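Below, in structure tokens: the form predicted alone, a single chain.
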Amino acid sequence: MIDALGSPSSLLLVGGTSDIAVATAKRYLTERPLRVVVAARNTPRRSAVATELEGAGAQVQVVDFDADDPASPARMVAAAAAGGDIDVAVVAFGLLGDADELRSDADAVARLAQVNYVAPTVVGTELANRLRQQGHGVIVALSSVAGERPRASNFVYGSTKAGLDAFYSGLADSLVGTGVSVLVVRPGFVRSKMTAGLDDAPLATTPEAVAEAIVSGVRKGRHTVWVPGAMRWVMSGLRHTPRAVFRKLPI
């Protein structure tokens, strides 16, 4: 259970090797020891993350998860819950993809849609079912400001994030009164493994800043957080920009 100070005793990281997922676990571990379930493919990176979190004071459980396997979400959630209740689940997996390839390669589009939209919605459904049975818990979904208004430069990625965002926002409304809540997190450009080699965008942020926003948002019972907060107003302006003008913007 999440204690009176807002600290969970268990944390599930779906896509547990992501920089934001690891930063979130480390941030919670500054408050108290907790059980951390790292759900990811069996890779050297997963083993390294497990060792790193154990060194930070976590009791780590590792479970398999593959976004390309339709049966994986159910197995993953069942395995994670076998060790006890899930207080906070962070859905943090996804791909950026190659924008040039995604303009013409239908297979690449299908792959991105599977990993960024289909798999997260199935994971969210499985998590909601499990947490409803518990009667408590928070699902944190990593969305993106790119989903607010997809741009020509990365419209396929933006469309998958728009779909994910809509799903988890609707899931939040459907869970009212169950004891389960959803926090949708909309970061801007995050300096991480996913964006390595890319030039920083305006208002670029870090995994640690996103983790801080997650912890604060869960504690305050928020439904949506923007990272950094100023992105809310930037995207509001872009969302209402006339299409003829929007198309000419260097974004």
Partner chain sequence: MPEETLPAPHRSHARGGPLQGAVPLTGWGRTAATPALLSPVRSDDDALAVLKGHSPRGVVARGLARSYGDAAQNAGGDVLDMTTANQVLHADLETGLVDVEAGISLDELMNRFVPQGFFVPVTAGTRYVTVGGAIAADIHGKNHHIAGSFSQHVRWLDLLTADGQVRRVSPESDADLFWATAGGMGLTGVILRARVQLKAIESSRTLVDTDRTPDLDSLMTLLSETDHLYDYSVAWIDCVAKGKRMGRSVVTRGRFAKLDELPAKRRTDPLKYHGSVRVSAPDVFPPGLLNLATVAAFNELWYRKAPKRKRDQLQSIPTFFHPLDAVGGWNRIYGPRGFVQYQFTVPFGQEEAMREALERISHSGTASFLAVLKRFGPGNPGMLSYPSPGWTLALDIPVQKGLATLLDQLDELVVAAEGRIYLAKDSRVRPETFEKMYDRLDDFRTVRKQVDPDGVFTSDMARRLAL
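Residue numbers count along the first chain shown, from 1. Predicted, not measured: the structure shown is a model, and the values here were computed from it.
The same protein has a further form, the form predicted together with its partner chain, not shown here; the description that follows concerns it.
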item	value
Among 99 to 107, 159 to 167, 130 to 138, 144 to 152, the region lying within 4.5 Å of its partner chain in the predicted bound form by heavy atom distance	130 to 138
Contact label in the predicted bound form: Thr121 to its partner chain, heavy atom within 4.5 Å	no
Residue contact check: Asp68 to its partner chain in the predicted bound form, 4.5 Å heavy atom	no
Exercise: Gly83 in contact with its partner chain in the predicted bound form, heavy atom 4.5 Å	no
Residue contact check: Val245 to its partner chain in the predicted bound form, 4.5 Å heavy atom	no
Contact check for Met1, Ser7 and Pro33 against its partner chain in the predicted bound form, heavy atom at 4.5 Å	yes
Neighbours of its partner chain in the predicted bound form among 160 to 192 [non-hydrogen atom within 4.5 angstroms]	Gly177, Thr178, Gly179
